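Coming up is one lone chain in structure tokens, specifically the form predicted on its own.
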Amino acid sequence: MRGTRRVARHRGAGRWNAGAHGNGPGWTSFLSLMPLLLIAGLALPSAADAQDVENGQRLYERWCAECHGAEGEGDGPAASRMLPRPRDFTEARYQIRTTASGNLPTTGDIMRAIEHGLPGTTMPGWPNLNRSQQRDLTAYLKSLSPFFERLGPPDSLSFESPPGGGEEALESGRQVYTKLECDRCHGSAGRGDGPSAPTLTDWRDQPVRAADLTQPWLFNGGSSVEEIHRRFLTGLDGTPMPTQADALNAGVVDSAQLWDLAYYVRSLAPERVPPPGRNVVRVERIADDEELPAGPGADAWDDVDRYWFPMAGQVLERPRQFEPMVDGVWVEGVHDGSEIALRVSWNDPSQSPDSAWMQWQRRVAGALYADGTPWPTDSLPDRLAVQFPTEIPEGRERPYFLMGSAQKPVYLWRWNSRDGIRESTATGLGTAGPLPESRLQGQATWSAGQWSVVFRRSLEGEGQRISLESGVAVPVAFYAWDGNNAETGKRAAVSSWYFVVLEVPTGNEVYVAPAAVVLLVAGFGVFMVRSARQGETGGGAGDDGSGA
């Protein structure tokens, strides 16, 4: 096995030869240097180094080889289902480093990636490995490439402390964003929908997404201003994301402006990252003199609470989708006692079908349709489905979340960018069929890399159309397909079951009851004070009489 040979080579490199082959120091020279080595704090090569690599190899074969391959070349059995592909350790090309672009990572850089993973990729964190195991695994990963031994330990860059943001910094950062043409890939709103986005590939000519800057919890180098600034200085080797150190050295921008850019990029996202997880969509009750918002862009939505629901690829039934474009949806809802309006929004860099993204669609299909499923050759629409049971279940029982079953069907609100909105039922993935005389209405808009769809329907239902009652928790789940990401059929992003609860109307009793309690408590307090005073007055007179 090639990994074993590399361990043997590592052992050989760790020996001090007493003048053999004429290229090693003699023992006299070695002993004379030992005090200096110890003072300098340098680690002396020993048999323990080889042992570390052997321990690391065992860990690698157990936890890493399935994706990264037996020889570390990024070609494991699971690799063909992943974008981006797993790291090829033999190339020693690492994205997340504290070193300059084109340089090797430090040992600490690799250990941090092992412990915390790389969000936005399929590389998970391994906090179950202790520090000793992380060091051993790192030693083995470094043994897979000759560059670590040949080039020696790299130097980390020196990073400044953040100077502080503010409105002026954000405006300056916005200008720098345009000046450095960040919008060419990331788009004007930062959602990864720039004109170059459909053409991006990594160093292996595999499709690679422009980062959605509004979702920094998926940044594989961290989401803080400091971490974003570090990525500007180091770049992401192996991807189209360059280092901005060149622009800094050339005087295109100065250090303060690069910090302003980091503050601006961070401002494109919610303050809390990731957004707090919720289990319930609270559908607000509007006042009697208000109207339900007619479309996605209505101003009324500005005052409605938004709820974030994460999604993941459908990987339980074939054909599976391991790399969906949509990773979550924002949901808002209002009702007026007779009708509900639900707005669902999600980031999607392409308004599918979009001919400009056909190159991307073909690349993704070629990379991920490795299971023999026919490739989609035509442009595909974007789609969304909101799933309910056909009736409110008792207790915690719900239909199978992947569009139900023959025994427990589901009721769907469906939209796609070609055919609009319709109602359906389903008894499993791929079985959705339209209901006659659809009562569902709605509108959809796409702007700057984001879809927003509003569904409107009467609260009352019949047959397989569920009725929505105020104060009752109704299960709900979500599906999304990005057509230009080659998603169709069972290849989709899915969520688990959550709940929708319609706010109960606010009646007069809500206001009367608290007032009544206040009056009752106040009256009781007055009564107690008066009783106490009367007792004090009566008791004093009696005492006086008895003492006469």
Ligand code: HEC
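Start at 1 and count along the sequence shown; that's the residue number. Everything quoted here is computed from the prediction, not taken from an experiment.
Although not depicted, the form predicted in complex with the named molecule is the subject of the following passage.
**OP:** Work out which of the listed stretches, 351-359, 333-341, 109-117, 301-309, brings a heavy atom within 4.5 angstroms of the named molecule in the predicted bound form.
**Re:** Of the stretches listed, the one contacting the partner is 109-117.
Original post:
T121 near the named molecule in the predicted bound form, any heavy atom under 4.5 Å?
Top reply: Yes, T121 lies within 4.5 Å of the named molecule in the predicted bound form.
Subject >> Contact label in the predicted bound form: G72 to the named molecule, heavy atom within 4.5 Å >> reply: G72: no, not in contact with the named molecule in the predicted bound form.
Original post:
Though only this chain appears here, would W346 touch the named molecule in the predicted bound form if you measure heavy atom gaps against 4.5 Å?
Top reply: Judged by the heavy-atom cut-off of 4.5 Å, W346 is well away from the named molecule in the predicted bound form.
**OP:** Classify C64 as contacting or not contacting the named molecule in the predicted bound form by the rule of any non-hydrogen atom within 4.5 angstroms, answering yes or no.
**Re:** Heavy-atom contact with the named molecule at 4.5 Å: present for C64.
**OP:** Heavy atom within 4.5 Å of the named molecule in the predicted bound form: which of Q314, Q387, S143, Q244 fits that? Just give me the one.
**Re:** Exactly one residue meets the criterion: Q244.
Original post:
Between the options A367, L233, L459, L236, which residue brings a heavy atom to within 4.5 Å of the named molecule in the predicted bound form?
Top reply: None of the other options qualify; the answer is L236.
Subject >> All of M325, W375 and I466 within 4.5 Å of the named molecule in the predicted bound form, heavy atom check >> reply: Answer is no for this spot.
Original post:
Since the partner is left out here, which residues of 202-230 would have a heavy atom within 4.5 Å of the named molecule in the predicted bound form?
Top reply: If the 4.5 Å heavy-atom criterion is applied to the named molecule in the predicted bound form, 202-230 yields V208, R209, A210, A211, L213, F219, N220, G221, G222, I228.
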